[in-house]
Structure formats: C-alpha cells, structure tokens
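Before any questions on binding or motion, here is one chain by itself as structure tokens, the form predicted on its own.
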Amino acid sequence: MENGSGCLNGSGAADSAEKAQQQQQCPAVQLSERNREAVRVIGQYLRELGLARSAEALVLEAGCPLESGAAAQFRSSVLLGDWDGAEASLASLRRALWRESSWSEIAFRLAEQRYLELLESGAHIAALCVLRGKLTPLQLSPDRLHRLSGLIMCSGPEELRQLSGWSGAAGGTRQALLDSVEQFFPPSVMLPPKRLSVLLDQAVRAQVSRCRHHNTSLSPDQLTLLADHSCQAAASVPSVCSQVLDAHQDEVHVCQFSPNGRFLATGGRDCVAIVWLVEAAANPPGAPRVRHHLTLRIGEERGGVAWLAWSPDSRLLLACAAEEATEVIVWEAETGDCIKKLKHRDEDSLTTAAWLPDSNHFVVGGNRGHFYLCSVDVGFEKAWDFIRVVALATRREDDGGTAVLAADTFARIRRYRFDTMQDETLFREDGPVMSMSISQDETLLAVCVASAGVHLWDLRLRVCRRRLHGLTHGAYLLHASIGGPNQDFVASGSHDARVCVWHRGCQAGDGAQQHLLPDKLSGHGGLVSCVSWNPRHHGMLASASDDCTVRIWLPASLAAAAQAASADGTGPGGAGFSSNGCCSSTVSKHQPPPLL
C-alpha cells in the first residue's frame, strides 16, 4: 500500500538494492530526540500488532532504527529459535546491560527455553546436554535447576506443558521470553515491552484520576483515545433528589442499604426501623425507586435506633438502640419476624455492631467497655473486656479468618481476632472518631473524625490516602459511606443540612485545590447524620436527616426519567409516588406506622 510521503511497503521481502533505492526516494527527516523516541515507540507498537512492513516503512522513512543492530539480531535469533545466534548476540550486548550480574539470568532463561523446546520435540539427549553444559554451569537457583531436571522424565509434550506451566514453542513463549529480558537493558538499547500501550493506559488513567465525576465501571482500555476523558455529572453522580421518604415521625439517625442493594433500612428517634424496597424500572432502565416494605418497632424504652447493620447475605437486619439500651434485636428483613433479642448484662451499652461474613456471627459494642462476639444461633459467645468501642467493621484476612476493626475512645483503630484472641493497633487518628465505614472490597476505611473531616485509610498499607474536608462539624455523630462502581466516591453527612460527595481518586493538577472540596447536595432542612451508597445501583445515594426525612439522590438524567415514569404510572410503584418526588405510599409522619 502507499505511504503518506510516497514510500511503498513492498508485498515481499525487499532486497538491498530496493532498500537503497527507497532510501534515496525517502530521505530521512531531521527529528528531535523526543520525536525519535516517539518513532521507536510507534514502530514497536506496529510490530506488536503484526504490521511488520508498516513498521519497516516507518523506520526507513524516519531513518531511526527501533533498536541497535545487536539488539535486533538478538530479537530475531530468539524468535527464530536460533539459540547459538542468540547467545552470540547476547555476548555483544553484555556491556549494555543495566547490571553486569543480569547476564547470567538472561543466559539461564535462554538455555531454559532451549531445553524445554528440545524436550517438547523429543530430543532428550540434546536437552540433557543443554542441562549439563549450559544451565548447570551458570549456578543459579538450585530449586529451578532441580525442577527443570525432573521434566526430562515426562512421557510426552502434553505432560511436559502441564507440569512446567509452559505453553510450548508455538504458544508465544519466545515472545514472552523477549518481553521478560527487555527489562535488563536500557531503553536506548531495547525498548520495554508494549511501551506505547503502557503510555496510553497511563494517560487514560491520569485523565480518569482528574475526572471529578468519574462513576463508570468501564476499564481504561474501554475508554476512547480520541478525546480527553470527562464524565458528565448529570449522567454519573447523584446530584438530584428523586424521592423524599417521610414515614418517620422524628429525627432519622441512620440509613443503610443492604449488600445486595435490594433493601434500604432507616431508623431514628421515633424508635422504629423502616425497611424500604428498592426497585429498578424497566423503562427507563436502571432508574431505581424506593417504596415502603415494613416497619419494625424497637420500643420507646430503648430511646431510639442508634445503628442498623445488614447481614452479608442481606437476609437479616440488626438494630442497636440508644446509649442507655442494653439489648440488640435481629429481624428477618423479608417478613419482619424477630429472630433474636440479645441482652447480656444490665450495665451494657450496645450502640454499634458489624456482621461477620458467615451472616450468623456479629460483633456488638459500646463506649462503656463492653465488646462481644455473638451469633444468631447461640447468642453471646466471647467478650473482650474494657474496650470502649464507638464504631465497628469487619474484613477477611489472608488466612481465611475475620478481623474485627474497632474504633475506640482513644482515637485508635484496632484490629481484633476473636478466633485467636489477638489484637493490635492499626493506626491512631488526629481526634475523636465519630464513625467509620469500610469499602466493599475491604481495602479502604472511611473514618469520620471530629472537627477534622473524613480520612480515607488504605488498610493494606496502613496509610491515610486522603483527608477530605469541606463538611461542617458539630456536636453530633456523622456517618460516611464509600461507593460507586470502583469504590471511587466518598459521601458524608454534614451539620449544615447538606450531603458532601468527594471523588477519592482526584489527583494534583489543574483544579487540584477545587478537587479537595466536595460537591454539596442541598434539600434537607436539618443536620444530615448518615448517608449510604447503594452497592448495586452505583448512582443511588440515601441520606438521613434530623428533618425527619430520608432523601434518595440519583444522577440528574436518571432522576428526571424516574420521576417522569412514576408520574405516568410506568415506574415501580406507579401512581404510588407523588409528582414532587415524595413517596406517597410510605407511612406518613402524621399518622402512627403499622407495627410488626
């Protein structure tokens, strides 16, 4: 085919006379060092795509070889299986290595590939000669050498490939070998593998990290390269109140979506926990709505609902009452049946809880020094004394066990293992901890710190990744939540009656100072104490407020579609939702709720 400047890519291998003639027709242009590097990277990319003739034409016109002559010969010898030629080329490249000690490792990998290919072809005598004459003298890892020597007993190629994990000479192993040794050479000699792909991926990830409203599960390689990435807030981030749930008769202190996203539980000072059902409309697709499911009463003597926790299987709902309460209650969410009431000691104050992965065990605690492991089957099982707990979470450990993370009154986040009765301090906060919330993948912990904002901790590295400011503090508890398809967003309540939403991935760059501050959602008439992201509908956020309501927030595009669908009776709940976004099928705050 014809090149843009008149150079031709021949249909076959051009001889030296044709190449010389082409060089005269296409004189090399003067390129800066940056442009020469770009040509090399592009040429490598074309070659990786299988467009070898196009890569050759690019190099010919630019007068810029992709790599040195010795490196090109080394590459060619490896791909052709010319192992003697590869060893000779490696000898000429020895001085170009980053470290002289790397030569033995490269020589071992070449001999290893040669040995495996000989075994695959049935040339066991030649393979034994490579083992004794080339691999053993290098005196590298005895374990690797022992493993390779054992392969000579394989009965055939299939067993060889199965035991070695090697896909065979025809399985791309020669190219994989080249990719593995390129790291030992400076890029001026041999480019790192897939360099352009890496640069493109880095560029897209950098754009995503600066996208204030990025809320998509698409991977970087699914995003376009033709324009800078930018998500539209209207299509991705909760920004519009689609419903106001007004069934509570007093302040609402807590709201929690179930792990499967099907239920929303809310509770507060009116001593009831309300379970709402989340339904997604078929038209428009993905526009979720909420309707009342059932109301559960904990008893006025308990002073209200302090905390709600869903079991991992979304079947059970646990409620902790206010500070003076000594009892926790577990209900079956679908039917409202009371499964368990637990009370251990009269002096207990059990105000926070978290479930373990088996959906049977859970931990409860309070700030009077009582911290228990319980189960639905048995009740109270184990205790950790003198631990004043203000917030709890659980996460799976590498050994298969479960760690309990507890924030205490000394501003510490500590790790407890009830199976081994071991504990340790993970980190200490700058001030009193009000609450904490763990991400779905259990790698991030959002900690609300009095007068210090929300701190986002990496639990694997035990470092604070982000300090999120912009919310208004006061004397009352605030709860944060991590959400979005990639767990990229953090939301929190605020004393100024607004919901704060941050994108945790925003990096320094243009507008970096702006990214430190949250988007704020207005609508509540009182302190917003708790927020919760829906783990299934990633653009859905719930907020609970002292104005006695719970608000459901959606991206603007979904919210408009959902309200239009409910107005004409095609959405979930049909005419059960009023045109102002209020759920008219919920229990009104002006009449007592039905009790279960």
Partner chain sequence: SSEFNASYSMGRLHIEHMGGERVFSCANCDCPLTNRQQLISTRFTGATGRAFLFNRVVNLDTSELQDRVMLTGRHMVRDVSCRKCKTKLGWVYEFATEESQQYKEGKIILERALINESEGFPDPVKD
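Positions refer to the first chain, counted from 1. Just so it is clear, the model here is predicted, and its values are computed rather than measured.
Below: the form predicted in complex with its partner chain, not depicted.
Problem set entry | Residue stretch of 158 to 166, 429 to 437, 116 to 124, 219 to 227 approaching its partner chain in the predicted bound form, non-hydrogen atom distance within 4.5 Å | It is 429 to 437 that comes within 4.5 Å of the partner.
For this session: Evaluate residue 376 for contact with its partner chain in the predicted bound form, applying a 4.5 angstroms cut-off between non-hydrogen atoms, and reply yes or no.
Result: Taking the distances in the predicted bound form, the answer for residue 376 is no, it never comes within 4.5 Å of its partner chain.
For this session: Consider residue 57 of the chain shown here, and say whether it contacts its partner chain in the predicted bound form, taking contact as heavy atoms within 4.5 Å.
Result: Outside the cut-off, so no.
Exercise. Within a 4.5 Å heavy atom cut-off, is residue 251 in contact with its partner chain in the predicted bound form?
Worked result: Residue 251: contacts its partner chain in the predicted bound form.
For this session: Verify the contact flag for residue 497: yes if a non-hydrogen atom of it lies within 4.5 Å of a non-hydrogen atom of its partner chain in the predicted bound form, no if not.
Result: Contact with its partner chain, yes.
Exercise. Pick from 202, 136, 409, 360: which has a non-hydrogen atom within 4.5 Å of its partner chain in the predicted bound form?
Worked result: Checked against the cut-off, the match is 409.
For this session: Select from the listed residues 48, 67, 546, 61 the one whose heavy atoms reach within 4.5 Å of its partner chain in the predicted bound form.
Result: Contact residue from the list: 546.
Problem set entry | Sequence-ordered residues of 376 to 402 touching its partner chain in the predicted bound form, heavy atom within 4.5 Å | The stretch touches the partner through 386, 387, 388.
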